[in-house]
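One chain comes next, on its own, written out as structure tokens in the form predicted alone.
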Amino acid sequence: MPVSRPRIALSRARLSQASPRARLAVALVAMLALPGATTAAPVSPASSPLSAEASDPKLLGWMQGAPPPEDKRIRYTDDDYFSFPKLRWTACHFRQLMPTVGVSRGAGAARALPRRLDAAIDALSFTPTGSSTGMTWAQSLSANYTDGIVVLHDGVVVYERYSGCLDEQGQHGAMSVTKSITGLLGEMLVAEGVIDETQRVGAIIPELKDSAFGDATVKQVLEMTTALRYSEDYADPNAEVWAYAAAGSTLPPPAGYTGPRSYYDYLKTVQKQGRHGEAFGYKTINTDALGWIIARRTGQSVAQLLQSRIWQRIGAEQDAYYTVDSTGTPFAGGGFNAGLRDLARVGQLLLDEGKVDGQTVVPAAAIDRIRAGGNTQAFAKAGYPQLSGWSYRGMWWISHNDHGAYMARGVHGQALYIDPTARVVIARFGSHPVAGNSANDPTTLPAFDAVARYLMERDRGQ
């Protein structure tokens, strides 16, 4: 039977009445883990935010100077540290604001990425979904508040741009792209027989036996078809995400708070709602449950496993890092930060069926499972109109288009797009003022598809 919810002295109802600072202090994990395809209303003309150019963090002077002027400082405890336009600086500087754990690239040389830049890509045109007006690739970068984007074609850099808070030496928050990194680790371990995907979660982690996860299979966690009483509706002050955020916060708890103080402790409290396996439901806590499964089966956290099994083997040029909770547990659902080209190297690893320079890093079977996708009928029940015909597998979003494209997605415009047919990888970091990807998908998805098809046709004509 599910465990009863523990009494939390600071209830979510009270939290809704608290100061903006108190709410945002416990909402860091929520902001980083917003659904990758959350429905978001377009910004109305009356409330249109500053443009990408006008909101550039360098232009606005955030955190510049020694020390920065008081009105240009950004602190973790500020009530608006992750609100637009400050988020355009914050997205590149999480390790200056909160505890983190590193993912070392090791002492070896970085693996070279050959460069043959194609200047014609900027002028490439496409039509955004739902629009009759065309747009160029270059225009889409500003429209989506792109901080950095790199396009690989057959492992060669054909396009690369940086803006906002990011340059080629910097790291950027990957937000929910983190989920796909965790999912890749999970699928790798399933392919290697370290994890049995048919096993119940409660059999692997006895601490979760009486929670909603107890009778779910690992496969259901990987595909997010678990039946959990858990809402990530941030407009609802009673949504469970607020309790989850409070549990994951590294700040001192509010007065009277007696609830969970870590991700793992919160997972024990999750109750069941419905039947596992029937419908897709995007819930960040699935990924943190997978992170716990990985740690229990391997003896390594997701940060340690990523470092030893992938990051030090793909020839990464920068160290990466995760944000952590108060017990040092990496945030498997949204805390990963990395350099742009290294994120692209992860995409190239998948495109090359798990091999680097002929050596297997990830079993091809794991990548084949991801590419095959999940249950499209179960996915359709979640109601993502812009992703009709898509599915979810191994914590990756699968398009099922004629190129077999699939991607990792994160709020505010984070993306890792892989087109196996065109042999294209696109890695993007952004700081869009609207969190949900439904605000940028009408531009992003046709733009990515257009550049992939252009590059494939370009090579055919050479």
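Don't overthink the numbering: it's just position in the shown sequence, from 1. Predicted model only: the values in this text are computed from it and were never measured.
Keep in mind the form predicted in complex with a further copy of the same chain is missing from the figure; the text below concerns it.
The candidate spot formed by Ala66, Arg75 and Ala109 is fully in contact with a further copy of the same chain in the predicted complex: every one of the three has a heavy atom within 4.5 Å. A heavy atom within 4.5 Å of a further copy of the same chain in the predicted complex is found for exactly one of Ala143, Leu124, Leu97, Ala239: Leu97.
None of Leu113, Ala191, Ala227, Val101 but one reaches within 4.5 angstroms of a further copy of the same chain in the predicted complex through a heavy atom, and that residue is Val101. The candidate stretches are 154-162, 387-395, 125-133, 293-301, and the one lying within 4.5 Å of a further copy of the same chain in the predicted complex by heavy atoms is 293-301. With a 4.5 Å cutoff on heavy atoms, Thr376 does not count as touching a further copy of the same chain in the predicted complex; it lies far away. In the predicted complex, a further copy of the same chain lies within 4.5 Å of some heavy atom of Leu251. In the predicted complex, a further copy of the same chain sits beyond 4.5 Å of every heavy atom of Tyr234. Shown alone here, Thr327 lies within 4.5 Å of a further copy of the same chain in the predicted complex, counting heavy atoms only.
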